[in-house]
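Consider the single chain below, provided in structure tokens and representing the form predicted on its own.
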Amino acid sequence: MTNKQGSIVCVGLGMVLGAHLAPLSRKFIEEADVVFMGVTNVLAEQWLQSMNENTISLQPFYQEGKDRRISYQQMVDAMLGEVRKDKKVVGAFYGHPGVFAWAPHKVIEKAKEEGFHGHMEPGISAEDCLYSDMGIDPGEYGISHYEASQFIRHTRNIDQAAYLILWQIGFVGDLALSSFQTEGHHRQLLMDVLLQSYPPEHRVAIYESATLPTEKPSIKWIPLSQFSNVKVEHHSTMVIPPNETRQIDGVIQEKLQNLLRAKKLNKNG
């Protein structure tokens, strides 16, 4: 058993300001000794401050040209510093705190290693909003998800009968992790990789979730061949619909039919 009283809970705020916060996450925010804010605009900060006046913004750790890995580690150190003072600490992050977010995972891991309590509360992510906004059921065709830079740096076997979703396309190719947005020639690399599997005229969507109740999601359809010329944001996502028809595996299908026939025989026998 440990006598340490400090704790860290990383909660998800969801994507739409004020609309997606779960009651349990709100309770953690309201009862915290200090809340670290992983949000990017003043309205979101003011909203969090209305629930708990003891807030600290994580945004000053970001700087153009600064390696984001350094920024993330500084965020972890800042949050852990308050946990070590035996405070109840909350890290409040956009969307889901465990999706495309290194710092929440790391601070919980380090806190546990040091004998403090740490856990994560889920939130509505951009992926959840994408399914709703674009009318996609992931169970219909199947979906592969990749971070865009990882996608182009590693050899992939693309299932063209399923959806392919590429996240953070605005950062694609940023090996230094120091830019808020990469240039068109980086997107050209991504397009070149995709054109090895998809025809130039294949239509893809550039998706951006709404973040305010007054906003609507952005869904722009373009031919794949135009992607390198399209303006994207750091939070833009590419959605690539299936390009092939699903093929039945005849061997597995026959085995399933045999199992079904055996079940019926046992039931009737």
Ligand SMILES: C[S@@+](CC[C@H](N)C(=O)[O-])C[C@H]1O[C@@H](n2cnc3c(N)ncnc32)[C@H](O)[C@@H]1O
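Residue numbers run from 1 along the displayed sequence. As the structure is a prediction and not an experimental result, all values here were calculated from the model.
The same protein also exists as the form predicted together with the named molecule; that form is not shown, yet it is the one meant from here on.
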Might F227 be said to contact the named molecule in the predicted complex, defining contact as any heavy atom within 4.5 Å? no
For G118, is any heavy atom within 4.5 Å of the named molecule in the predicted complex, or not? no
Determine whether any heavy atom of W167 comes within 4.5 Å of a heavy atom of the named molecule in the predicted complex, and answer yes or no. yes
Just to confirm, L21 within 4.5 Å of the named molecule in the predicted complex by heavy atoms? no
Specify the contacting stretch among 152 to 160, 91 to 99, 77 to 85, 110 to 118, defined as having any heavy atom within 4.5 Å of the named molecule in the predicted complex. 91 to 99
Which of the residues spanning 218 to 246 lie within 4.5 Å of the named molecule in the predicted complex, based on heavy atoms? H234, H235, S236, T237
